[in-house]
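Below, in structure tokens: the form predicted on its own, a single chain.
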Amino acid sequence: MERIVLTETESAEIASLAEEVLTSLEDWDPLRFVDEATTIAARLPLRLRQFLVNARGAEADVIVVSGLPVDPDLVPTPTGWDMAAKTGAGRREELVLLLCGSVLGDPFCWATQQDGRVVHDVCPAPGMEESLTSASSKAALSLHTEDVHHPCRGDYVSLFCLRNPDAVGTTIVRIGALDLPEDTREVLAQDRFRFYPDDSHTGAVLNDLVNSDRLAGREFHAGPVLFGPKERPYLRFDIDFMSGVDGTADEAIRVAQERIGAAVERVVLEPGDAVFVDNYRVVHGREPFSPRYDGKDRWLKRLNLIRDIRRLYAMSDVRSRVIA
């Protein structure tokens, strides 16, 4: 894990920059701001920019920036992303995440997630406690590749912590830590797997995880679990939203899930911490927790980043950062 801890002076510089930008804007629209973010990110502290550029070049799998500014008068944690969207809660923190993320890649979003917002709010929502989405709480989020179903899934998923009073852990497993049998690796490298959009894209809520027909009717993208350089492969995996095309492939999924479960690491984010997870080399999840709904619950901002925005443009006849 690569980590940088910002000094108080560096944190204050970032807070001042964010305040200057927000004051200069008539209104805060993160999606419209992304084209400016890369230019303004050049004004971030030099040590931070160098750290992020070096981490990108080295393909560091987990990157943590500590000491980012969080408003000392932060509003109460919203009860769901839609409430955050209505109130504009955490605008300055959204801007800070966009600036840092723009050093690593290009921000983008999905029309099917949180009404096409580019910066998501991750906070517990009443009625979603057991769901398989970021609005859950009492149910753990399984270790997964973000947006496993799509060829233009992000290269990085980033999480900026605003609150985490119960020290809820973000769980990760690195591909380099997996001890997979060679015969399983061979199967996982074949186009024998189907990857489905998760509930945050479809709007469905899966309650019966043991029902083999729960993904019936969903479109899927076929391909391998392991791909890329053999000496340093990439991974895509989501036990809840994938299947094998035959019994051999299903057995490879079972073995992989078992080995993933044996290699879990835990990252506890504190306010001011931002983690950037390489979505090709790491699967991530979240521990369960009991929500309070009292304004003090865990609250993160999330941003997807792609290293080459043209991958998005090439798949559409519209030049847009929103995947429809």
Ligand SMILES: O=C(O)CCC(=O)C(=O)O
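Residue positions are given as counts along the sequence shown, with the first one as 1. The shown structure was predicted, so the numbers you read here are calculated from the model rather than taken from an experiment.
Not pictured, yet referred to below: the form predicted in complex with this ligand.
Asker: Report whether the minimum heavy atom distance between R236 and this ligand in the model of the complex is within 4.5 Å.
Answerer: It does not: once this ligand is placed as it appears in the model of the complex, R236 has no heavy atom within 4.5 Å of it.
Asker: Report yes if any heavy atom of L159 sits within 4.5 Å of a heavy atom of this ligand in the model of the complex; otherwise report no.
Answerer: Contact check for L159: yes, within 4.5 Å of this ligand in the model of the complex.
Asker: Against this ligand in the model of the complex, would M242 count as a contact residue? Criterion: heavy atoms within 4.5 Å.
Answerer: It does not: once this ligand is placed as it appears in the model of the complex, M242 has no heavy atom within 4.5 Å of it.
Asker: Find out whether any non-hydrogen atom of S134 is located within 4.5 angstroms of this ligand in the model of the complex, and reply yes or no.
Answerer: Answer yes; at least one heavy atom of S134 falls within 4.5 Å of this ligand in the model of the complex.
Asker: All three of T170, G285 and R302 touching this ligand in the model of the complex at 4.5 Å, heavy atom to heavy atom?
Answerer: Judged in the model of the complex, T170, G285 and R302 all sit within 4.5 Å of this ligand.
Asker: Considering non-hydrogen atoms and a 4.5 Å limit, which listed residue (V122, C109, L104, L188) is close to this ligand in the model of the complex?
Answerer: Comparing distances to this ligand in the model of the complex, the residue within 4.5 Å is V122.
Asker: Just one of R117, H144, H149, R192 has a heavy atom within 4.5 angstroms of this ligand in the model of the complex, so which one?
Answerer: It is H144 that has a heavy atom within 4.5 Å of the partner.
Asker: Within 4.5 angstroms, counting heavy atoms, which one of the listed stretches 257-265, 59-67, 294-302, 28-36 is next to this ligand in the model of the complex?
Answerer: Going by heavy atoms within 4.5 Å, the stretch is 294-302.
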